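Next up: a single chain in structure tokens, the form predicted alone.
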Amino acid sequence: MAAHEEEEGGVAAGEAKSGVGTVAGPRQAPLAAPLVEYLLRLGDDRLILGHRMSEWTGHGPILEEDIATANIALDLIGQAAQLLKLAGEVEGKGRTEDTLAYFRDGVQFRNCLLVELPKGDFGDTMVRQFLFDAHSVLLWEALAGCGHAGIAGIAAKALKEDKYHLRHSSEWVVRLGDGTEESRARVQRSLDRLWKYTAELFAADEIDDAVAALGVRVDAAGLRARWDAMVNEVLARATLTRPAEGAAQRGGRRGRHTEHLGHLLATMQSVARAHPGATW
């Protein structure tokens, strides 16, 4: 398992940290103010997943799906833009959503590892999207009633979009799982591969505690219980087997990522970095 963890670049559950603000290991990134850090986590998840979904543009299995994945990507990137803009405003250092998206290095990104993994085949993409969507809908429901007006406003709008995303991805998981023998076997393998990355979605830490004191409170345990019920219901309809819980892969919240993020950022940031300061 240790060799696999090194290959992935994440941190297994239970690995020691070297104190608040840093992560044990060669790649370290200081944490920002708690609310900024929290907004970066939310924004980076959606920015990176939106980019991954955009990679299907022109490559969807059917024309309607080509349009659907592109629209989902646009929704996610739009949510990321709002969250990163708010992060820059709260930070007060003049960084905009574009600065935060295009001029940070990998160790400064706070997305979970799940969203940065390669898109793989269509089954990989839909399973990943379903696991993330189920969490995202529940998270936005909680944040829509939080005590921070800016976050609550973004959450209320994003919730409407993510309910569609969840319906779309869950329908594909059922369609593939309860389809042919080959489609079921392939999507089960996708689920087995991705499952170990889901625990990071629910890993509360001192950042969550700090923003809770500011009115941004999410019951991580309650959210996980609701997510479990939602996921279990869809997997049952899809005739898929829920993987056993094992060692979790995490580290993205502290800037420790897989090698895949660096390749993604090299593509995503190339134009902005080639023409810094340009306007369009």
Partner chain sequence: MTQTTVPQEDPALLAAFEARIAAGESIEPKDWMPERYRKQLTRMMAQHAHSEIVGMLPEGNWITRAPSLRRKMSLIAKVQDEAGHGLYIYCGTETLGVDRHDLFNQLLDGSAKYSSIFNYPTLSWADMGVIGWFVDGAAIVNQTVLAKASYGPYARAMVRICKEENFHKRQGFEICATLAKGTPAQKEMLQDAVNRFWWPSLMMFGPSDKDSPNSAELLKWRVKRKTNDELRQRFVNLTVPQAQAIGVTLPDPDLRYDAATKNWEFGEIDWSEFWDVVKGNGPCNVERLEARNAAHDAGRWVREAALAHAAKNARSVSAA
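If you're wondering where the values come from, they're calculated on a predicted model, not measured in any experiment. Residue numbers count along the first chain shown, from 1.
The protein also exists as the form predicted in complex with the partner chain; that form is not presented, and the subsequent description refers to it.
The single contact residue among K157, K119, R193, R175, judged by any heavy atom lying within 4.5 Å of the partner chain in the predicted complex, is R175. Distance criterion of 4.5 Å from any heavy atom to the partner chain in the predicted complex singles out A81 from the list L139, I207, L201, A81. Residue contact with the partner chain in the predicted complex: D98 places a heavy atom within 4.5 Å of it. Under a 4.5 angstroms non-hydrogen atom cutoff, the partner chain in the predicted complex has G123 among its neighbouring residues. Residue contact check for H135: none of its heavy atoms lie within 4.5 Å of the partner chain in the predicted complex. Among heavy atoms of N232, none comes within 4.5 Å of the partner chain in the predicted complex. Just one listed stretch, out of 44 to 52, 224 to 232, 208 to 216, 251 to 259, contacts the partner chain in the predicted complex at the 4.5 Å heavy atom level, and that stretch is 44 to 52. Residues of 173 to 193 placing a heavy atom within 4.5 Å of the partner chain in the predicted complex, in sequence order: V174, R175, L176, D178, G179, T180, E182, S183, R186.
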